[in-house]
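Consider the single chain below, provided in structure tokens and representing the form predicted on its own.
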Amino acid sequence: MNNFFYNVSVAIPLRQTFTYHSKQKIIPGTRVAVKFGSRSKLGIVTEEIKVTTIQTKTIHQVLDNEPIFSEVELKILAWASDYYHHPIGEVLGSFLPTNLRNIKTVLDDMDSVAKVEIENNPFQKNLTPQQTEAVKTLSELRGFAPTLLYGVTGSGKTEVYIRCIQEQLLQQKSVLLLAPEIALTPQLEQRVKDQFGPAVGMYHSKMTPAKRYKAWKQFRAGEINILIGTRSAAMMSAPKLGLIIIDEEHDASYKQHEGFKFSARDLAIKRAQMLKIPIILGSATPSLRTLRLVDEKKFGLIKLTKRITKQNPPKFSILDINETPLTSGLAPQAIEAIAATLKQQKQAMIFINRRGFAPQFICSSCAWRATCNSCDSSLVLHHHLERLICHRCDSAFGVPSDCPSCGAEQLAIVGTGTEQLEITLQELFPQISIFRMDKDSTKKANSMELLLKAIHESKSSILIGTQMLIKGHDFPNLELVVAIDVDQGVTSLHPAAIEEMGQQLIQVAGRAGRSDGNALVLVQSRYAQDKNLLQLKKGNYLNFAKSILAERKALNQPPYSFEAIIKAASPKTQTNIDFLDQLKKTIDTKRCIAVGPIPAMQAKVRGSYQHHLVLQAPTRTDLNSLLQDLINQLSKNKSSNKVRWSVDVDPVEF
């Protein structure tokens, strides 16, 4: 019997496939077990090739009776491998449930699950005229039709999603609904489940591998019709996928920062394009990239400009705190506003994107600063744990009683975190319930759900939290929002800092005043006359975004140009610099601008120094072509073995 020859991807950091043979006919997309060196490894057949004269090893086991990835899915993932310049084996492995990454797991060994019947529940809410028009327009979309659903917070985007999902179910099709972080959008999850019951499945990292595998099988088999998931669900197989929805499309959490550095948002758009199906991108604060595509008529636009409660949006006020004494970061006017709000039996929210008690622990005598030995970042004081903790690598240290450098006892804290605010406000308002929502307070299972339930059951209370508090939550009794420590967005060198600050302030403001129109948002700043803050004060995100876009276009910055970062990490700074300098000399400056080598904003992480070479090109084609040339050079350059290097295309953090 003749041999068949196949290219097989293996999940290793090599940018190639490997040729094997088998006497069995295998459909591309199927998992196989192959010998790689002296070990057996999982491989995925990517294509059948013609008879080859080179010596090849045998595929010693075919693990599945049918392919894991369809032909179209293989093409999409091959595009992702090329676009993000990441090894194809690791790309394919990223979208396998954990159970299927093991050669001991055979797909047919799993028990099948009974088909879930779709419940035809009546809709719980009536639509507004704007929602009705949005549903009509979206339901008429055919083929690849990317559409931005811009809706101010409280305008009812979720109800529009619900109706669009129902239209797909009536056509016997499936829907993929992506959310940036499942733990931060419990009300979205609950609303979809309330409407469609057991037809809804979940897929995210907080689920056990067994539950993720079950959801993968059910959605792939058509046993459930709606799947809600985070970025790892972007390529979940479905037999008749009819619609993709990306909720909070602007959220940076859609970008993976370690390993395969892909954007689930952009991958989902590519998937919709190749499947020729509609995709809806929902947000109250759309990304600048999406707004540019809308301006160029490449994306459609539907607006929901009114809250479903018909209440006015909250009023913005900027507090200049330059000459103001602060109490744990709070201005006296803010404390007075909190007291007045509580007196009215309403809730107040304090938004600060810093967890812990204090972000810095220093010596007032010699200026010693507590830093992480591995990351060279400031250690954060956690009062409850009595520890200094690195928020990069989670290393924890005891709190010294005197300065390790000069021996003085003049140790002090600098700055404010959520934990400090909680303690201070409890002292100021001892009879009031205070709820803190951050990574530390929501570690335990179901802690988020219990916290939200307690908030909804309380009338007069104070909510304190990081950005976890501002995403997808509905607090009907919330009347006041105080945003502190926002000046990082004004002064930061981070290219996306202004955009992110605007999104956060509009999102946090949208939590307030949903039951009446008397809500107030107080933004504390030392830059009260900053033009961006004054623009945000008007409460119109689209106008704010358009002004930023105009500046970006004039300066030829993203989204009007395209960026990538070559990242280098090693135990020695000079090794990184020499490596990136050598690489930079080979770049054709007519094709792109190269900036660097420069230290990363987090210059040292887990014992390794981090340096970047930032590349900017006028078109995606120019950038990808340049990156391919550079990677080909690096694969032949022995000096590249001295550093850990990677490519980050369309970076969102520096």
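Quick note: we count residues from 1 along the sequence shown, nothing fancier. Here the structure is a predicted model, which is why all the values come from computation and not from measurement.
Keep in mind that the form predicted in complex with a small molecule is not shown, yet the notes after this line are about it.
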TODO: Name the stretch: of 447-455, 535-543, 155-163, 562-570, exactly one has residues whose heavy atoms fall within 4.5 Å of the small molecule in the predicted complex.
DONE: 155-163
- [ ] Identify, from the list 127, 207, 528, 103, the residue with a heavy atom within 4.5 Å of the small molecule in the predicted complex.
- [x] 127
- [ ] Using heavy atoms only and a 4.5 Å cut-off, determine which of 467, 81, 131, 442 is in contact with the small molecule in the predicted complex.
- [x] 131
TODO: May I ask you to check whether residue 90 falls inside a 4.5 Å heavy atom distance of the small molecule in the predicted complex?
DONE: no
Open item on the list: Would you classify residue 485 as touching the small molecule in the predicted complex, given a 4.5 Å non-hydrogen atom cut-off?
Closed with: no
Open item on the list: Even though the partner isn't displayed, in the predicted complex is residue 474 close enough to the small molecule, meaning a heavy atom within 4.5 Å?
Closed with: yes
TODO: Using the partner position in the predicted complex, report whether residue 308 sits within 4.5 Å of the small molecule, counting heavy atoms only.
DONE: yes
